[in-house]
Every structure is written in structure tokens, then in C-alpha cells.
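Given as C-alpha cells, the chain that follows is alone and in the form predicted on its own.
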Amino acid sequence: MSGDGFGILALGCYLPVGRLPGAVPVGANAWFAPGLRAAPGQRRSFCSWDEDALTMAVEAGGDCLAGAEAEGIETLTVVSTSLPFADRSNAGVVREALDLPADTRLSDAGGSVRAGSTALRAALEGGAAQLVLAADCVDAKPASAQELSFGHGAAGVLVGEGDCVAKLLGAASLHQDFVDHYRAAGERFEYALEPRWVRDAGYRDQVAATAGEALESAGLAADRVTATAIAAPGGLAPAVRKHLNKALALPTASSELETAVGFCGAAEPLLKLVEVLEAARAGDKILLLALGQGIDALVLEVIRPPATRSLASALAAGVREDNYTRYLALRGLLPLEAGIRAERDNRTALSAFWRKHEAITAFKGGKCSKCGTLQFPATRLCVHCGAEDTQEPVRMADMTGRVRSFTEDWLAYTPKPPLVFGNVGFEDGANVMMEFTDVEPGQLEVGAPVDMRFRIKDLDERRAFRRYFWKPAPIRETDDA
């Protein structure tokens, strides 16, 4: 079976390392909401204070593009229902962080938790090289059912001409203004309707009909489907699986994402697709179903499995969080007294940022063409040989560094103390003073390898602005969750 043609070329994903076991919020809030004790035990991923939809989209995009050809990408679409900026190109920030060409067409998409599958279908039917990134970090009100089911995460799909992982065989979509949940503009938390009514009135019959229409458009009988991936809000996925198995005899295996990560909003359809493709074999037929004020159904044929198991690695990198107060504080759900040291003005000098935007957002340094020395930031004079105007731009975001020195500062303010910073060494001589992320006290060691993470550097609450930079994080290999 040839993989040449138009379709999915690569996939990637990102999950924050934080994992909140369901028993933690249940134990903290059962005095107020005793019904939570009956909720199924599961974990959910959550962003730290310096993560948001954009930082996760960058991470998923970098994972997707690892080893892929980025120069041919014509369009970048960033999908989320929790984008940080209402009037600033969110996709533009992601484009620059990924160092995609400046003439790449950009699009911010959202408005529905199935916006990721809608954007993927448009890309697969559009015929042009496109990178689709979906990320969401929607918070839930403490002591709510959503707190036990909402997760944070991101996934990316590179679509274009070449050696395909999978190809689209057929698709169908249904839109209906069935309000099973909603979140008004400017509101942080969603309002959800009664789940049994949502299941029976909103999706039970429509799901099977839309799935059947997609299979018909693909010229495929239901018994030819190898696996079904279901992205459904409100804990509906198990009920939808049961109904599809009964109505169409479709194979509907359970998903580890639902118990280990939670429902990741607009990123859920692409995450479910990554999950099922990582377990697939050449020739398998996949049905992807995404629910949310309607239904998207995509039928795909697997040409070859993905080259890497990104989701398996992301699941294995989780770190258990048993401190409910710390979780609430990291998500900004519990204001803590930060003291005088937190009262500094975090105003961003946007004129200076513009002059150095490639160094800041894309993390580009300079490499001397005369002696080969790498340095950050780039300057007119080489720090090693003194040659003038010999530095060529080099992207350092994809490099692995090593800890040369570090300090754990318990006096300086940071939302997640201590503030850990130090020198990171790179090959060819670069040595950069940086703030570390995803690190616990006592974890770092001199010489330890670190990779670069795109993160929030500062939050300017007075002017509602956030600025980003890259931070080194320890390379994790095991799951202690």
C-alpha cells in the first residue's frame, strides 16, 4: 500500500505534566457536594501557572513537526475555546514560536469543542499543506462535576502531499443548536445541562445517523471499521460507544485519555485521533466522531503507523499532584497573599519586544561563521573570536541543553515557589541564564539534560497582557503518577 498522496503526514501532542487524581478534589469538597463521592475515579491533566492554550499549541506543533518539512506549510490554524487574546493573532504568536515562514496564512478558530475536527476536515478536503493545532485549558468551578472531568492538552496534525500516515475516505457533519453546555464570552466557567437529557435528547439518534452517512460517503460498511474514536463532552463517550455498538455494530474500545487525562475541549478530537492512530496498523479503517452542538464524522484509512508514539510518552510523563490548594493556586482559582515582592509592575516594553521578537519568541541565537561559536543573544561581535557581523541566526528552541548551575530562590516571588534559575549550556559554546519550569525542589542536578519549553514569562494583570519566552525543563522518562 503506497503512502504517496494527500493526507495526514505527521501527528504530535502535548500534555501538561500535572495530574490531579479525582480523589483529591472529592476529598476536599465532599463536605459541600457529597454526590461527588459517586464519581468514577480518574486523573486529569492541568496546566501550571505559566501554561495556556498557546504554549500547549506550540509544544504540540513542535512535536508534530519534529523531522518534518515545515517550509511547505501554507496555512496554520490554531483551534481553541480558551485563546488568551481576543484581538491579537494567537496563531501569529504560535507561528513565530515555531519559526514558520512569515507569509504563512494564519487562522484562529474556536466556538465549539468540535472545532478541532471541523478544522481537520477542512484541511483534509482543502488540498493544501496545512498545520492544524488544537489546544484547550478550560477551568472548572471547584466542587463541580466538570472539575473531575476537564483536562488540559493539545494535539497537532500536519496535512499535505507526501508519505501519508492516513488518508480521508469520507466525512459527514451535522450542526444543531442543541445547547448541552455553553460558556458566555468573558466567563471563565461553563454552564452544563442535565447529562441524561443531553444523552437521550441531543445525541443518541443523531450520532448513529451521522456516522452512517460518513461511512456511506466513504463507500465502507460498518463491519470494515477497525476502531472508533469518540470525542464527547460531559462524560458522554461511554454512552455513545454503547449506542454505536448496538446501532451499527461498530468497534468501540475504551480510551485511556478519558481516565488519565480528562476531556480536553477543542483538542479532544485530535488527541483521540492520535491515540487511535498510534495503536493502528496499515490498512485499518478509523472512524473519528466529535460531538459539540452537532457532530463531525471522519472516516480515515491508515497507510502506515506514526513514526513516534508521542501520546504514550506524554501519558508516561505525568506527575501526581495531591495538594489541592496548590492546584487551585496554580490555576488562579485561589488567590494567595504573595507579599510585597509580588508588587512589581510587569509592564512589557512592546517597542523593545518588537526589536528582539525573533530572539524572544523563536529563541534564535547567533552562530559565528568564522569560529563556530553559538551565543545568545546574537550580537555584532563574536564573544569568542571577536569577529564582526559574522553571526548567522540559529534556532535554539529545538536544542537540548545541560544544567551548568542553578539556584532555588525562596525569597523571590513566583506563583510556584521556589524560583529556580541558572545557567544552561548548549553545544558550540552558548551559555544562557534562564528560569526553569516543571521542576520540584531538589530535583535539578548539575549536568542534567533539559529541553526547551515555550511558556508564559510574566502576567501583566494591570494591562491584561502576557509575554512569553522559553524555559528549560528536566527531561522526564517515567510516570510517578
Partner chain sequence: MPEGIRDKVVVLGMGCSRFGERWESGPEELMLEAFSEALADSGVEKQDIDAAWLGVFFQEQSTGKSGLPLSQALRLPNIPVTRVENLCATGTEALRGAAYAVAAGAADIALAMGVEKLKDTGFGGLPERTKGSSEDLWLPNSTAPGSFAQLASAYSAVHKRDIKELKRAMAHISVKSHRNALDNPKAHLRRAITEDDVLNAPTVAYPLGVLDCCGVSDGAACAILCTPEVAKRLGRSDAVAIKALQLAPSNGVELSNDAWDGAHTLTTRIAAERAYREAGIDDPKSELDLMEVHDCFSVTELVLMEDLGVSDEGRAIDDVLDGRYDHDGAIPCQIDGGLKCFGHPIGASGLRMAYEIYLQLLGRASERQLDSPSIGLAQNLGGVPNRNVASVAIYGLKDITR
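Bear in mind that the values here come from a model prediction, so they are computed numbers and not experimental data. Basically, rigid core = biggest C-alpha set you can superpose within 1.5 Å across the two forms. Residue numbers count along the first chain shown, from 1.
There is another form of this protein, the form predicted together with its partner chain, and it is not shown here; the text below is about that form.
Student: Just one of 234 to 242, 402 to 410, 96 to 104, 82 to 90 has heavy atoms within 4.5 Å of its partner chain in the predicted bound form; which?
Tutor: It is 402 to 410 that comes within 4.5 Å of the partner.
Student: Does each of 345, 349 and 433 have at least one heavy atom within 4.5 Å of its partner chain in the predicted bound form?
Tutor: All three within 4.5 Å in the predicted bound form.
Student: Answer with yes or no whether residue 341 is in contact with its partner chain in the predicted bound form, where contact means some heavy atom within 4.5 Å.
Tutor: Residue-level check for residue 341: yes, a contact with its partner chain.
Student: Whether residue 393 contacts its partner chain in the predicted bound form should be assessed with a 4.5 Å heavy atom distance threshold; does it?
Tutor: Residue 393: no, not in contact with its partner chain in the predicted bound form.
Student: So, in the predicted bound form, is residue 448 in contact with its partner chain at a 4.5 angstroms heavy atom limit?
Tutor: No - in the predicted bound form, heavy atoms of residue 448 and its partner chain never come within 4.5 Å of each other.
Student: Taking heavy atoms only, is residue 360 within 4.5 angstroms of its partner chain in the predicted bound form?
Tutor: Yes - in the predicted bound form, heavy atoms of residue 360 and its partner chain come within 4.5 Å of each other.
Student: Quick check on this chain: which one of 373, 308, 149, 255 has a heavy atom within 4.5 Å of its partner chain in the predicted bound form?
Tutor: After the contact test, the surviving option is 373.
Student: Just to be sure I understand the contacts: of 419, 39, 28, 33, which is the one whose heavy atoms reach within 4.5 angstroms of its partner chain in the predicted bound form?
Tutor: Checking each option against its partner chain in the predicted bound form, the one that comes within 4.5 Å is 419.
Student: Check each residue of 75 to 108 against its partner chain in the predicted bound form and list those with a heavy atom within 4.5 Å, in sequence order.
Tutor: Contacts from 75 to 108: none.
Student: Could you check whether the CA atom of residue 193 moves 2 Å or more between the shown form and the other one, using the rigid core for the fit?
Tutor: Shift of 2 Å or more: no.
Student: Superpose the two forms on their rigid core, then report whether the C-alpha of residue 383 is displaced by 2 angstroms or more between the shown form and the other one.
Tutor: Yes: residue 383 shifts by at least 2 Å between the shown form and the other one.
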